[in-house]
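Only one chain is shown below, in structure tokens, and it's the form predicted alone.
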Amino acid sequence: MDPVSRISRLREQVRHHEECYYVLNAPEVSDAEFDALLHELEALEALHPDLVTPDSPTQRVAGRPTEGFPTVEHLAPMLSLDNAYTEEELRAFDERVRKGAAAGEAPVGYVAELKIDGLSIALTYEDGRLVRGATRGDGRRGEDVTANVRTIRAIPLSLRGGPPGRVEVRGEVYLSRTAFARSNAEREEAGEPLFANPRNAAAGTMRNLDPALVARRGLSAFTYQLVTTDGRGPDGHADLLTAMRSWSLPVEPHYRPCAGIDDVIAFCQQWADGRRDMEFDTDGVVIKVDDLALRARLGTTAKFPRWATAFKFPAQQAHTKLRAIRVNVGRTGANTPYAVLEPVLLAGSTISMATLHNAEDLARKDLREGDTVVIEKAGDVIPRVVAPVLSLRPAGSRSWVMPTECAACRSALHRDEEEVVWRCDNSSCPARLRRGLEHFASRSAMNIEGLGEALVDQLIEQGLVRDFGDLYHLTAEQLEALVVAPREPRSERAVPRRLGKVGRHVAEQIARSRENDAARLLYGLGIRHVGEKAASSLTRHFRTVDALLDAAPEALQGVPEIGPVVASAVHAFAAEPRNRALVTKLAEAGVNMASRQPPPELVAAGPFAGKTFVLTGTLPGMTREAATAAIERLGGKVSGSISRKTSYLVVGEDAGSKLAKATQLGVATVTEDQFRALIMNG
């Protein structure tokens, strides 16, 4: 098959499977089969960049963050909805509609839809191709978030037989409960504040300037409205939703045409409890007049359409006793208060603990141990304490005060001026140790192969390792004799076993890691905000870890690309006596504390100075890390995305879409052999 036909066929297949998976929730192929189709399409487009089109599935994720969001005007105002909270208010809405329609006692046809708790979005299509995505904003103008919208796989980049010309499709972007739980777990692991609910997470994600991060977050969407300049489209709303589905737009499938207000009320009652089984949050039901011509006659107020309303479900709350306020310690040292509750049944599950977010939020609510409190499930998912019942507060209760010492190791806590989280900076804190050891041994840090989760657990449980320095006092005999149980046994054969030769290999890996560059050690120490590049810049500048830790914040900020946040984090780490003791212990164990990178003055004068490289594909003869080190050693920089400022794209095997982008921009490309020649000549 010729490339044009094959690329066209692959695009059809990928779009079909995206719709099955992300819209219909009925995948027809495995993830591996889908990835194979997408990778084949990427490879063909890389070989034939002239065939790449903006609506190709390969063009979803932009490569670099945007500078900001410009504002754009909607095709027509995006109005809010009036709310109804009771059956009486729903019947009053129906009475107003029938009066406006001069229908007398005759019922009016409605369409009832689940109200998605997300972020309103306006999608502009021109002749079936997505050209813009914008937030609601003030209703007339919103922010242009097209790059982020293109990463949402539920939103088609091109319509299947949709209306010609320029149309605006409106809908709601949301984060599923599974994706929300995953995002919060990742944020907790990174020591970042948790999202309060999926809606906040979706809104925050859509306004992120990095489309790659938006893509990882896993947003989805439903659409429910078509706006045109000439009134084209079906005559009824239910027919419109059917048509939108046929155009491959995502439509929430549980909508129901209702013959009158009694049907609407029955629908609301059905979903008051049924919504808890959904994978997305819904906080109510949207009721719309089905007849679009009648809508036009009813018109709008300054704020709301007269032909629609939103019935809001009552919040799910319960009263219980706040038995105690305790503090949890995360991997990055974040000390976070949480509530221990008298168990209570809420929204189908028994709640005995709830997040309290941070000390400031807790103080603002004035929560005290012994209080009777109101709790609810934020977004029907995460239990949280809303407020105390002051009339039931016991006499003599005292305000809760955030401890000044870490709950796990008693080190002093500190809080950055721009944060609300209190943190422990002791790297040897027991609560931080397991995750810290895994990071210390990771490939980008000390690269200790074989030191995984199961082994780390055993080393800690048996008291063999209490800090990073203890790793270097382990003997091969100790590791060989260690019995390790698999964390997640997959079969009856996965039983606890003695490490044997694997233990000796780990001992060799630990010994070898003593010779690593100081940049790897600094990154491995897990100092907050200090990534690989910052660690490399700092150790190259100060030359030794001791000199770096002795430096004042002002001196740290004197290093290129090091700002006040990183400088403050390094200074706080160095100010903790246990951290300095740990570094001394590592040095005494023979771990290299000096930078082996060329000093900044030599790098600045290197043959690659001022040049930016991007790597794509696999380099059979060297690792990405080795290629990056060679470029930086000669004064160059490595970037993750192609732009007109890129000097060279180094092309390996199975090159991705970066090759096509480089060709479009006229960026020079070099093979691995040519890259090696550049290094040798440099």
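Since this is a predicted model, take the numbers as computed values, not measurements. So that there is no doubt, residue numbering starts at 1 and follows the sequence shown.
Absent from the display: the form predicted together with a small molecule. The rest refers to it.
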Subject >> Phe267, Trp400, Trp422, Tyr224 - the one with a heavy atom within 4.5 Å of the small molecule in the predicted bound form >> reply: Tyr224
Original post:
Within 4.5 Å of the small molecule in the predicted bound form, heavy atoms considered, which of Leu114, Leu413, Ala441, Val385?
Top reply: Leu114
Original post:
the small molecule in the predicted bound form: within 4.5 Å of a heavy atom of each of Ala92, Tyr110 and Ile261?
Top reply: no
Original post:
Any of the heavy atoms of Arg432 lying within 4.5 Å of the small molecule in the predicted bound form?
Top reply: no
Original post:
With the partner left out of view, is Lys288 within 4.5 angstroms of the small molecule in the predicted bound form by any non-hydrogen atom?
Top reply: yes
Original post:
Just to confirm, Asn516 within 4.5 Å of the small molecule in the predicted bound form by heavy atoms?
Top reply: no
**OP:** May I ask you to check whether Leu79 falls inside a 4.5 Å heavy atom distance of the small molecule in the predicted bound form?
**Re:** yes
Original post:
Which of 525-533, 587-595, 224-232, 475-483 has heavy atoms within 4.5 Å of the small molecule in the predicted bound form?
Top reply: 224-232
